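Before any questions on how it binds or moves, here is one chain, the form predicted alone, in structure tokens.
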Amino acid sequence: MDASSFIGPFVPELLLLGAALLIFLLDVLGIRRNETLSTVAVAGTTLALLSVLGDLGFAPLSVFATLPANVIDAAPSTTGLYAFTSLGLIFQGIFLLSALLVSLASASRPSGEKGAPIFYGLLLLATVGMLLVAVATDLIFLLLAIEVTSIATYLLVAYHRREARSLEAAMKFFIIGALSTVLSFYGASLLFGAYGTTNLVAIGHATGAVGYPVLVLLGYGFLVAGLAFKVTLVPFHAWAVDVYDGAPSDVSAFLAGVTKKIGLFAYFLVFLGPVLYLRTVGGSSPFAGGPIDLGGTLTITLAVLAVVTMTVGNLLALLQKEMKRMLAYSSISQAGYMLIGVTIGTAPAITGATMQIFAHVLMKGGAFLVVAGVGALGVGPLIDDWKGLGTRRPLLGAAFALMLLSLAGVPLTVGFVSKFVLFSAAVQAQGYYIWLAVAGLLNSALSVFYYARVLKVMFFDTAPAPSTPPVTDALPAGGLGYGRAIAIGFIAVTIVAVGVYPQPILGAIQSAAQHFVVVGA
């Protein structure tokens, strides 16, 4: 393999890596202005995003394509480490979009803020790991790519190293992340012992020639638990709320927006094959002869996790008094909706789950960016501290209202489109899958209560007269800063635009999901 054939497929990753190294070089040279470093990060992520969109075949951006057409969606190898699929490229685009928005919004941080080079460098390196996850076809390669992102995000959470809450959150994140890694790699080792390979394509299509079924059951069990920590599935979710709450709000936007999505894509890669293809592994029990319906076992396990996660997340969100903790529990419930796609395993279900992931990046990432902006205006962390914000800051209030309404699944928003596609797929699958749709609808109705509470506080409650002089807007664009204002405005417009006319994005996801389910990668 010559250098050009190796480097070419990884242009987005190399662009981000180059931008991160340039930021570290500027730090060494003493150039540490936040605006300068943000510009480098935005430029790197923009070029990488254009490259991915070009590879996906969007005609106006074909000039940026770096992959030959015959490489994308080619027949997957049973020995390779990576492959380029349409669905993987769509996830790369989602990851890059979130990194771009966070980099842009972070341009509104104070110019002389210490540690800015570390923040942007780690943000880009975390995104590199995400891009590698999206092309993985080997279990060890996948888990190592997840760790690249995890290590970077541990440090991002402790970005404000002099704040006790951030350090506590980072320590909790690290300990839970280490446990997740141990469980995942141990599960991978057991599957290797059963199959003699860690290639996901080979494992996914195995149909019964397994001499050690107990290893298969234990291996998948450890992987379910290990990756569930990354996805924040109940009961592996408790760390997420403290981490999202303790991390800087821009970092929380990145964590809630995309870092858990690499775990969901890992679920696609690891569990979709067994759910679809691996119906018997030999033996009436893991320890004696007769068939074992491993596909059915995994399906039931994932279905229970999905329902419990969405229900517990929504119930606990109802009880919260702090804005970031409410959004954190809401994010946990959203993971339950997304898991429905893997549980059902059909092309429409994968389409709905992917659309829900895309919508969640906009809705939840945007919500945390608004929280960051409101915090910069001197508003406190409690929901009641937001009283009258919608009337004092109508544009900001309207943008946040759109995000909350979309999270609730109100029509004419991207959240409604994603939930409609996902729940419709559950109904089409029939059988007990219909109950997943019912559970999703009931939980969506439940979520309306705490989103409506926030809207009431913002637009209908009157704030008491401040005992101290209000914070003077130190930044342009209404105190938000241009970068953060542009990012929030873009998200609000996109939520409505895709909600009204979803076909360009939905059509691309449908085509990619169909190939992913048929081919298995």
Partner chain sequence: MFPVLSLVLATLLLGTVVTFVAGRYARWVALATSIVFLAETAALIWQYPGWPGYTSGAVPGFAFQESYAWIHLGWLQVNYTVGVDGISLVLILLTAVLQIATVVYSWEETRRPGPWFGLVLLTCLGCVGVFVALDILLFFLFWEAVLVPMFFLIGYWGGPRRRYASLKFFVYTHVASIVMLVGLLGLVFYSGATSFDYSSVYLAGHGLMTVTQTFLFLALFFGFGVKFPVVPFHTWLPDAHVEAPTGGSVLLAGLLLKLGGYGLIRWAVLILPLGFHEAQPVLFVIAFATIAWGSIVSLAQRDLKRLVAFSSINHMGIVLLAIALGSSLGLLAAVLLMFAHGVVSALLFMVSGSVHHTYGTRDIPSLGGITPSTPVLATMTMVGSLASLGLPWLISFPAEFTALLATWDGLAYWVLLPLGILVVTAAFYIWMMQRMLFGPPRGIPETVHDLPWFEAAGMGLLVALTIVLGVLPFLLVNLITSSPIAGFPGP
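Positions refer to the first chain, counted from 1. These numbers come from a predicted model, not from an experiment.
The protein also exists as the form predicted together with its partner chain; that form is not presented, and the subsequent description refers to it.
- Residue Val448 is the only one of Val371, Val379, Val448, Leu316 with a heavy atom lying within 4.5 Å of its partner chain in the predicted bound form.
- Contact with its partner chain in the predicted bound form, judged by any heavy atom within 4.5 Å, is made by just one of Val71, Val304, Ala238, Val438: Val438.
- Shown alone here, Tyr501 lies within 4.5 Å of its partner chain in the predicted bound form, counting heavy atoms only.
- With a 4.5 Å cutoff on heavy atoms, Phe459 counts as touching its partner chain in the predicted bound form.
- Contact check for Val11: no non-hydrogen atom falls within 4.5 Å of its partner chain in the predicted bound form.
- Heavy atoms of Leu455 reach within 4.5 Å of its partner chain in the predicted bound form, making it an interface residue.
- Of the candidate stretches 417 to 425, 362 to 370, 325 to 333, 224 to 232, only 417 to 425 contains residues with a heavy atom within 4.5 Å of its partner chain in the predicted bound form.
- Shown here without its partner, the chain carries Ala408, Ser444 and Gly507, all of which come within 4.5 Å of its partner chain in the predicted bound form through at least one heavy atom.
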